[in-house]
Structure formats: structure tokens, C-alpha cells
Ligand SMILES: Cc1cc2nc3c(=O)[nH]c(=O)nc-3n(C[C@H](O)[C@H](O)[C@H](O)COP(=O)(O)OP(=O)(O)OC[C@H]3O[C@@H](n4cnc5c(N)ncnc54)[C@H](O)[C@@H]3O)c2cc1C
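One chain follows as C-alpha cells, the form predicted on its own.
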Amino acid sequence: MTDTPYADRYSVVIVGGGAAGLSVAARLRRARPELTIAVIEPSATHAYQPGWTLVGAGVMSLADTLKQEGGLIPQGVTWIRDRVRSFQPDAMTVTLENGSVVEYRRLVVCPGIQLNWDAIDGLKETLGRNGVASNYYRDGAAYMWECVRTFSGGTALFTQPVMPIKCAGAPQKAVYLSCDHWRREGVLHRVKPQFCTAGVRLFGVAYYVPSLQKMIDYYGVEVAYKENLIAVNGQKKEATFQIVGTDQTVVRPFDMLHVVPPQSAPDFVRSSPLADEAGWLDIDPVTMQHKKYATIFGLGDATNTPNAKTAAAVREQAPVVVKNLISSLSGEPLEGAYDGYGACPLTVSYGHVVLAEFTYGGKVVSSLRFDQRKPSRFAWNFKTRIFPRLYWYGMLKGIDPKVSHKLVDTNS
């Protein structure tokens, strides 16, 4: 019996060519150009997903959020355009869908999060028509703007599922921008906006809730807590919610529906030895090293770190992973530390953003010198103009500048 031949051998293999994977690859190339690096990514198109909320509000075009993946792979890094089938961490190998095996010295797992559309009965049959839209996928964002732009009155229903999800503020961003558009068009008085969330409060960090509640009240939004969407009937225009923690259900009629699907780590991570009991990549929240396998690191949305799943979090995680991975290869102590930083620019109207920043435990921090609870035009310019450029021309090229953040006294 002969051993299975390896398709390739690399110093570092990165699973996922999204924001996390490309950031790590670029930083590694700059820091250690002698390393052989491969990125495993099946998609030929790379998306700036934070822009899809703006696409759904007519602020940004879909084309502005998309680039060819091949043009973003750092020079000298091998692109393996395939999907991962399974991990063999004891053998330090990854098996691809095509059956080939890739060997590594160090592995970085960052495949992003999985959108579980099938978990909502009837949704896939009506998504993208019958007034049922979602900013959480590429074509859905464009259809969302079509729904908002042509809406002249009736019940507009917005949902948020059980956490965790990527960009936890995005479900209510859709609420604010839609309502502000209708206000500007003079039809908001004919709209009945409803926000149905499986959570128990508007936002996970209490410091920002009063500011957001003011916007909810301003637009006249009815909020229903502990309601989790489980079924959609597009033809009847009915959405069924389960009251969290009970068997009770509520059926709500709608004329327009913005859906946020339940989310999880990808199936190939959930079923692997790398996952924790809940199916997320099991890594140390500070060093970003796997808790069981020292040759594996992880970052981004598929991990079990208790921080917000945002691009801002990835921006802070990537240099920690690169620093500790290099130390690991050299047999040195891991000194890189991630503090759980995340940020959520909550677009509460056209032209104004409540910029929420926080670390582990919901500790409020700030990178700017003003009260970020107040809707800011300055922060809107960051969200719509500066952040996209920093993403494409800084973060993905491994030259994203380090921005310090300081703890905020929330008692003042």
C-alpha cells in the first residue's frame, strides 16, 4: 500500500480568500517573502460586503463592491481555486473537493460565515421577488433598492435572526436608510415599518442603545423583540415568527420584507475536528491560535471569538495572526494579542452615522475625538468614501495603517 501523494506543499495554507485571507496573505508576503503561501478560494469574484447595505439604499452601485479575485491575490501567492472538503490536522493536510491533498507547515482558517437560507421555510422560493429582499447577498442588495425605491406604502417588515451573524448592525441599518428614503420622498406617513428581532434589545452594546432608540422613535418603527423568522409565504405576503424560547408563533402580513438569514460556520468547518461544540472554529481569543492544534490559526467570521463579526475586527485580527504565525514558525512565544476590537458604523440616515466601537465584553472604545453616540456626517464620509478605499488599497494589500483606540468612560 502506498501513501497518497500530496498535490502541493506550502509553508502556509490559507483557507478563504475574503477580507481575512487576503489580508493575512499580503502581510505574510511583506514580512516573510521567502515563505511559500497558498490561498484556497473557489470564487472568482471578491466582494466588499460592507457596501451592500449602501447598495440596498441606492448610495453605492453593486459594481463598486465587486472585483476579480485573481487581481487581488498578492504576487507570489498561489491561488488554489477549489473548495475544502476536510481537514486532517494531525497529518497537517487539507483535502480539496477535487480529491487532491495540500500539505502545510501552518494553516490559517478564515472561510467566512455561512448563510443558512434553507433554515427559513419557503424563503428560497420567494427571495428576490414578491417584495422579499436581503442585503446579505450580492444580487439581493440591488433588489432591495428596487423594493425601497418603488415602495409607496404598506407594511415594511425587517428581520434579525438569533446571533451570531456578520455585521450585527446591518439588519437595522436597512430599517433606518429605508425609512429615511421614504421620509425624503414624502411617503413615510403611509408606511408601517416593523423591526422583528430575535434579540432582547436594539444593539448588543448598551451604551449606543439610547441613540438608536431615538432614531427608531423618529421614524415610527414598531419593534418586536424575541421574534425569530422561521417561514415566509411570498404569494400570501405572510411571515411566520417563533417567539424565542417558546413554541408560540406569530404570523405577520407584509408588503415588503427584508430578511436576514440565520448564520453559522461553513459545513466543512462545523463537521471537522477544528470546531467547538457549537460548530465554530475553536481558537484562543487573544492569540488566535487553535486551542488544540498549535499549527493552526484562525480569524474572521467562522471563529468562536466573542467579538462582533465585522471587517473592522478582521483588520485588527490579521496583524495578530501574522505576528503569532511567524513566531510559531520560529519556535518563539506568541506575543501578538487581539483585544476583541470591532466597529459598526450604523447608518441612521442618509448622511449620518452612529459609529459604534467596542472590544471584548462590550467595553466601549473610540478611535476618534467626538461622542460617537451622536449621528455624525464625518462618520458617514468614513463609511461611504474612506472605508472602501482603505479596504481595496490598504487592508487587502497588507498596508492597512494601525489606528489606536482608547477606552471610553461610559459613566460620563
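Residue numbers here begin at 1 and follow the sequence given. Please read these numbers as outputs of a predicted model, since none were measured by experiment.
FYI, the form predicted in complex with the named molecule isn't displayed, but the following is about it.
For the named molecule in the predicted bound form, the listed stretch (322-330, 131-139, 220-228, 201-209) containing residues with heavy atoms inside 4.5 Å is 131-139. Only one of Thr359, Gln49, Ser376, Ser349 lies close to the named molecule in the predicted bound form, with a heavy atom inside 4.5 Å, and it is Gln49. Val84 is the sole member of Val102, Val191, Val148, Val84 with a non-hydrogen atom within 4.5 Å of the named molecule in the predicted bound form. Three-residue candidate spot Val24, Leu281 and Gly298; no residue lies within 4.5 angstroms of the named molecule in the predicted bound form by any non-hydrogen atom. Residue contact with the named molecule in the predicted bound form: Gln68 places no heavy atom within 4.5 Å of it.
Although the partner is absent here, Gln372 sits far enough away that none of its heavy atoms falls within 4.5 Å of the named molecule in the predicted bound form. Pro345 belongs to the set of residues with a heavy atom inside 4.5 Å of the named molecule in the predicted bound form. Using a 4.5 Å cutoff between non-hydrogen atoms, Val13 does not count as a contact of the named molecule in the predicted bound form. Along 306-338, residues Lys309, Thr310, Ala311, Ala312, Val314 each place a heavy atom within 4.5 Å of the named molecule in the predicted bound form.
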